Structure formats: structure tokens, C-alpha cells
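Just the one chain here, laid out as C-alpha cells, in the form predicted on its own.
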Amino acid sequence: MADFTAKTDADGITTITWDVPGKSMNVLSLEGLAELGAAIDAALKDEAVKGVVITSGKDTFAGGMDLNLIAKMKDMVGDDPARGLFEGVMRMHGVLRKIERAGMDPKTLKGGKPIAAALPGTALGIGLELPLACHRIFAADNPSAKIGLPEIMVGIFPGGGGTTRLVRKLGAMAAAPFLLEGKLSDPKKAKSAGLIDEVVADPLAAARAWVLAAKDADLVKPWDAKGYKMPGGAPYHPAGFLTFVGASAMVHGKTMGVYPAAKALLSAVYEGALVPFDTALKIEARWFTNILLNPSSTAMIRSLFINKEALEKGANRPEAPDQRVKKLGILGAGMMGAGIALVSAQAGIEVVLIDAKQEAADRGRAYTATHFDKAIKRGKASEAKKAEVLARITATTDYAALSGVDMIIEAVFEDPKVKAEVTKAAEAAAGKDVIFATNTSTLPITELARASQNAEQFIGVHFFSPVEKMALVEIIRGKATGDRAVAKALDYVRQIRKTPIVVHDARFFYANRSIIPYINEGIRMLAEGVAPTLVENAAKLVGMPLGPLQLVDETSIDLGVKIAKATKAAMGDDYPDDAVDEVLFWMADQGRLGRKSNAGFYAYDDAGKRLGLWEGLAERYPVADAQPDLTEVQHRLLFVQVLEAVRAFEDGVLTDIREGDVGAILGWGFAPWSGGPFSWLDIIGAARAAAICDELTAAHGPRFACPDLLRRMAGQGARFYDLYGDGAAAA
């Protein structure tokens, strides 16, 4: 079956329907593009056709270009990938420009056939770029629909003419949030912003009526009309000059220069604004080709779309019947338990929220009410929805209420004794078939499972805080954990619309195993006399969202002290971080516990606003006269994370590098431009990575020692995704 089908009615209107077989949402393929072009050609040539309406056979319009195809495009275009990619992009421009000109005389701009887009729902990426080439865009009055150009979020930018058209339609300043931030809007807000033209109850009927009434002047885009001037001014206009200077500063400030797509987009906009429209499309295509050839875009698309989607669809789910949760018990109504209750009830799951005191349980339930109150003020929710979700949460102290639950999530204090007590009490009330999940960030699952009546049904789940905002859930398989428990946890995570990774039990699991060394390395450099501003900015300039000192402030210094003490007790003489502890313990003794106390490595005002690095650091840890160069600091901060990821894979804690990359980006924000630690190692090459390890080891010690697996790959000239990209475990 074809992706696009055309049918002409008695009124002379050809309706082109986009309906990709076997897909819940339309995506554009090369075959689909050819079909669309052929349908447009036929309509323009047929004298009986008065106009065209392009719509969807689904309840959405389109989700964009097929990113699986984009990820493979470089390998499909032969020995001259730049030329092949550019020519492919220009073919797409050709089809959309044909729609835009619609057969009109190039000199008089008359004689064209009106072409309208009728959007029943969500229109993203090429799903908006195609309508932007049409003469009128009608969208259904569907508040849940999303309209926008989110390509920047996966390492590319709108390359189907969307960049050029939107800037010429709105001006650079007004277009910036949609292009540079990937902002999505509901139909009414999209109309207010100028992205679309009409919001109606029946977009197909409205589009047909418009087509029948359209005049020649209705078909001419502003940029094709004589005397066109760009809204807000072109770069050579005084106002436009200031806009582009400001845009350049804003982009660099937000991306720190490490996201190639943002810089390429800005270049395409600036250069395109200096030339006629058709030349601007060629410039956009050249910059889009440049980004497609950049390994960062390949890595980001792979990790943030292809791999993420595969994990969410159950790529590593064991064989088991459907394990979706119907009734969930939650032990502990603190911040984590309350957040888990919120996202579970939002997903339609009945929740029993238990705490030792009724007022605590009630506060946990009230967290959901507060969440909805804020959403209602922003127009994002209704009182009816709030009442519906709250009705699913029962707050109580009575373990008997757990009768009938099919899964329990324990979210009490990180104390093995407390966890053991509530595990026994809850399992006794719930029954023998319940799956018991403990929410912990550090405690070994196998040890905690000793308190369970059935270790095969005991599993770890590590939520990240705040639960409702963080996309990742780390599922930890203990030594005795069975497949049904893993399947249950995966199905539950899918229900609450988060991304799961599955790891095996070991100290700190995967996420904390990798992020704690990053924090420690920053603290260690501070103690060595490295300027804290250098440490923090080096991290941001390589793509980390927070510097290590700010990150420990956010997570709290006393938590770091607690983890350090527990780790040292477990490791004894092998404990490697005494130099870090000296700093952490001193900070805690000063009462500087981080943001929560308005005092940490940073200074804060009374309202909790961060003011800058605390001046007292320099008194205790003077800045050395000789400072390391930026690259050395960045290598130290990145490699302590990356090497732990490799060791986790080597040890079998992590069994799939796809989970390693996705988990790193979603869990602690590891340099998203890189695609994750394994993708980054593939970008720089195993041989170069091994050489840097040797340099760092010689200068700073064995924590940078090159893992055997990486050393072997360096000798073979191998890449992680060539060897293990299909989910294979380390050899």
C-alpha cells in the first residue's frame, strides 16, 4: 500500500491523504516523498482539478521524517556522501517548492492551483514543514495536538525548508523559540504565534471551502511577492543586525558551542536572509547536509530516538505474559513516594500510599493535588482531571489496604533495617504473588532481598528526583530476581511513560557508579588548587548541564558524606577517595550542606538564588599559580564517567551499551551532544581514548587506567556500536 493516495471529487478538489501502513503516526520516507511529488504533478496537470487538500488518514497529521532513515542516510548515498545527501535534500525541497508555487506563472504569479493543509492532530518536523509550503493551514481544535519543529532536540534542525520559511514568515526573533528550542504548541497557540492559519472543528471541510474560494493573490507567499521585507529586519537592517547579534550570543550562551546543529541552524538563517528565497533553500540544504555528516547528529539520533524508542518498546524485556500494573502499593509518602504516586495515578493505576503516620500519608497524596493546582493555573489541566487522578490515590497507614495489589514499590529511608521491616509487613498483607520493588540509589538489591519471602519476585527500581520530571528509571536485577519481576518492572515503567534501563546488582548500580566519580573529580581538583571556576566552566563547555560542584550542592553535601562513609566502610583499605572526603567533611562541619541550607560550594541569597562560588573556598583551598589547560580538566571530568561506564559493561553490570548511552543522557545529563559515553568513545576512537587514559593515569593515578576491553578495541581499531550496537553483551 502507498503512503500517499489521491482522490478527485466532483467539485474538482483532489484530496491527497497521507496514511503510512502499519504506523500509528505518519513519517516521511523517500518512497513517500516520491509518491507525494507524483500526486502533486498529476493534480497540477489535470485541468479538471481546481485545487488540492493534503490531509492525514490518521488522527494525527505526521510525526516528522523517519529518523531511522536519517540515521542510515550517510551509508546509502555512495562514495560522495556530501553530494548524495545534498542532492537528496534538494529533491525534498523541490517537491515542497512545487507545492508552494502550484503551477503559477513565475512572472505574473497567477494561474496557480490553491493547495491547503488539513491537520487533524499533531504535526511535527516535516509534518509542519510540508504544511508551511501549502497556501493555507487548517488545524483541528484539538488541545492535545502538538505543532512544532522539534528537530534540534535530536541533534539536527528543520532541513525541509522549515528553517527558511518560518524565519521569512515570522522573522528571526519570533521564529527562534520554535527553531532553536524545539518549542511545541497546541493549535490555538500555534495560530497565535503565526505557525498556522486557522483552528476549526472540521479542518478538511474548511480547507475544501477555502480552496474553492481562493484567488490568485491568496496563493502568493510573502517572500515570493515583490517588495518583500523580512519581519524584524534582515541582517543588513539596523534592527535585524541587532537581532542576529543577540541570537548568536543567545545560542552560544545556551549551547556553550558544543551542539553543532544550533550553530548550523543560525548560519543557515543568517546566510539565507541575505539572498533570494530559492538560494536560501540551497544554503539551508548545505548546512543540513553538514549536520547529517557530523558524528554528533548520528549519535544523538541513535541514542535519543532510535535506542530510546527501542528500550521503551521492550528491547530487553524477558518473555512473560502481560505484566501491566492494575493496583500499586507504595511504602513511604515522602518526596519519592509522593512523586511515584503522582505519575502512577496519572497513568490510570490505582494507588495505595502508605506511611507510618496518617498526616504524612495525606501530605504525600496532597503532592498530587499541588501538582495539578500549578498545572491548572497554567491552563495545562482541569479541576475534573485533578479530581479523577486524586480519586485513584488512597492514603493510609493500614497495610491491610495492600490486599489485591499486584506490585509494591518501597520508597522509605535508605536504611536496610527500615526497608527490611516494611518489606516483611507489606508482603504479608499483599500475598505471595506480589512483585516487590525497592526504590534505592545505592543499597545492594541482593542484600535487601533477604527480607523478602520470595527473592525471585524482588527487584530494584531507582527513580530519579523529581520523579515527575525525570525520564529515566533504572531497574536493578538482584542475583535471585526472576524474569517475571523484570517484565513487571519494565511494563510498569512503560505505563508511566518513562524510559527504563535494566542493570545487574553491584555497588551504585550504573548511574551513580558513573556520576559519583564526576562529582569526586571536581572536588579533588578543588583540593589540588585548580580554580573552581575553571572546573565548573570546563564541565559546561563540554556539554555537562551542571558543573560537579553545583551538582553536589543540588544533591546535598550531607548526602555525599553519608555515601562516602558507607562506601569506605564497605571497601576498607581499597577506598580511593580520602582526598575528596577531606573537602566534603569539612564543608559539612561548616554547616554548608548545599542548596537546601542556602550554603554550599556556592553562595546563595535568602530566597535560595545562586550568587556565585563561595569565597571561603579560596581561604581553605587556595588557587594554585599554575593552572591546567582546559582540555586536561575536561578530559578528567569526562573520562572518570566514561571509564566507569566501560567497566560496568565489562563487568556485566550493564549488558547493553544502548542502555548505557540512553541512561547516561537521561539519568544525569551526560553531554547529550555526544550521544552518551559509548557513542563518545566511538566518535574520538578507541585508540585515542586509550592514549588519553595512559596520559591521565601517568599524571593522576590508576582511576584513569584503561579498561582491558577498551585496550583490545584500540588494538583492533574497533568501535562499540560495530561490535555491540545490537544489544550484545561484552565478550
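Don't overthink the numbering: it's just position in the shown sequence, from 1. The shown structure was predicted, so the numbers you read here are calculated from the model rather than taken from an experiment.
Not pictured, yet referred to below: the form predicted together with ligand NAD.
A.B. asks: Considering ligand NAD in the predicted bound form, which of 337, 158, 660, 203 comes within 4.5 Å of it through any heavy atom?
C.D. replies: By the 4.5 Å criterion, the partner-contacting residue is 337.
A.B. asks: Counting any non-hydrogen atom inside 4.5 Å, which residue from 305, 399, 86, 270 sits next to ligand NAD in the predicted bound form?
C.D. replies: Among 305, 399, 86, 270, a heavy atom within 4.5 Å of ligand NAD in the predicted bound form occurs only for 399.
A.B. asks: Heavy atoms within 4.5 Å of ligand NAD in the predicted bound form: does residue 413 have any?
C.D. replies: Within the cut-off, so yes.
A.B. asks: Is it the case that residue 463, even though its partner is missing from this view, gets within 4.5 Å of ligand NAD in the predicted bound form, heavy atoms only?
C.D. replies: Looking in the predicted bound form, residue contacts with ligand NAD include residue 463, since a heavy atom lies within 4.5 Å.
A.B. asks: Under a 4.5 Å heavy atom criterion, is residue 136 part of the interface with ligand NAD in the predicted bound form?
C.D. replies: Flag for residue 136 set to no.
A.B. asks: Heavy atom to heavy atom, is residue 219 within 4.5 Å of ligand NAD in the predicted bound form?
C.D. replies: No, residue 219 is distant from the partner.
A.B. asks: Quick check: do 124, 151 and 154 each get a heavy atom within 4.5 Å of ligand NAD in the predicted bound form?
C.D. replies: No: none of 124, 151 and 154 comes within 4.5 Å of ligand NAD in the predicted bound form.
A.B. asks: Choose one stretch from 240-248, 308-316, 354-362, 646-654: the one whose residues place a heavy atom within 4.5 angstroms of ligand NAD in the predicted bound form.
C.D. replies: One stretch meets the cut-off, namely 354-362.
A.B. asks: Between 87-124 and ligand NAD in the predicted bound form, list the residues on our side with a heavy atom within 4.5 Å.
C.D. replies: Contacts from 87-124: none.
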